[in-house]
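Just one chain follows, in the form predicted alone, and it is written as structure tokens.
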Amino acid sequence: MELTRALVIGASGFFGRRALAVLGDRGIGTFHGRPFPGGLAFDALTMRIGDVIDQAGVPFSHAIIPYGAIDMEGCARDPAGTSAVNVVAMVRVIHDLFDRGIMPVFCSTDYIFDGSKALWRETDPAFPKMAYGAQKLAVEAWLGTRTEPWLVTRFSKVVSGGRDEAGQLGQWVNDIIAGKPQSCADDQYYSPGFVEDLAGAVIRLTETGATGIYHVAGPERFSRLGLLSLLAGRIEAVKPGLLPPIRAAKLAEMPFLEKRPLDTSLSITKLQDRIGWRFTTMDTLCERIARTHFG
């Protein structure tokens, strides 16, 4: 099924905003707590997505779903409450989409993996260590029982240069400007991807009629400290002497409620074989951030 028009469920969020922008007049988005012009209100716990579709008054071929409780610490504190959103309500939403002949594009995570190796493939077995990853995997498993077409896109670290956004690089920029010393894990690895690229790649997948599971992530494997060091080097080149102290640490030192996987980097060979996406490198993005905020 190729994309004609998509509903973005959760279009006021970090990724959803970009997906809606890429779609242009082919997209309509929903919001929960943050209204935006042209958006439709939707709460998966109290509403049915069919009512929102009726309100939109246009047909949809796809629904892109970055909606959910995405705070990993929140999922650890309240696994039952967040599961009500991330699993129970999500399955109900997707079931309603199937009933209307709309193909779901479910946004999942690299945290379904246990972190025991590098460059995970779509066919590798998943053993999540965290409640958030387990919730995402539960929806993937349910989708695997269905005969209707569906698409799962698994993300790794999603980044941008915006200081007012949820992305890791923007948070680091704020900390550096504030002179806040940084302790950063040198033993945790992921595949950071520029949010604009990830949104474009997901839309491109839908345009090709892709189904099944695809890893949609950056092509470079970084440790958390490695990415911060890259950003710091680019900032130092633009504004010497500004950087606060940066200390290498181990992931186990971080005060998380759950033990986090050490390596959730993703192989994107399947994605590139399908669409050949041209990703922004992290060096290019860090240089752009340094010029924008420190130049």
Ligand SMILES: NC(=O)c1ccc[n+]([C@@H]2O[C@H](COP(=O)([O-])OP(=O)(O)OC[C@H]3O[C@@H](n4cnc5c(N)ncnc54)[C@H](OP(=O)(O)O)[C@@H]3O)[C@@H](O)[C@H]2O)c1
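In this text, all values refer to a predicted model and were calculated from it rather than measured experimentally. In case it trips you up, residue 1 is the first one in the sequence shown, and so on.
The form predicted together with the named molecule is left out here; the points below concern that form.
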Subject >> Non-hydrogen atom within 4.5 angstroms of the named molecule in the predicted bound form for each of 102, 148 and 214 >> reply: no
Original post:
With the named molecule left out of view, which of 131, 199, 97, 107 would have a heavy atom within 4.5 Å of it in the predicted bound form?
Top reply: 107
Original post:
Of the residues 139, 173, 85, 225, which one places a heavy atom within 4.5 Å of the named molecule in the predicted bound form?
Top reply: 85
Subject >> Heavy atom contact within 4.5 Å of the named molecule in the predicted bound form, the stretch among 40-48, 55-63, 246-254, 229-237 >> reply: 40-48
**OP:** Classify residue 277 as contacting or not contacting the named molecule in the predicted bound form by the rule of any non-hydrogen atom within 4.5 angstroms, answering yes or no.
**Re:** no
**OP:** Look up in the predicted bound form whether residue 32 has a non-hydrogen atom within 4.5 angstroms of the named molecule, and give yes or no.
**Re:** yes
Subject >> Contact flag, residue 68 vs the named molecule in the predicted bound form, heavy atom cut 4.5 Å >> reply: yes
Subject >> 4.5 Å heavy atom contact, residue 156 and the named molecule in the predicted bound form >> reply: yes
Original post:
Considering only 1-40, what residues come within 4.5 Å of the named molecule in the predicted bound form, judged by heavy atoms?
Top reply: 10, 11, 12, 13, 14, 15, 16, 31, 32, 33, 34
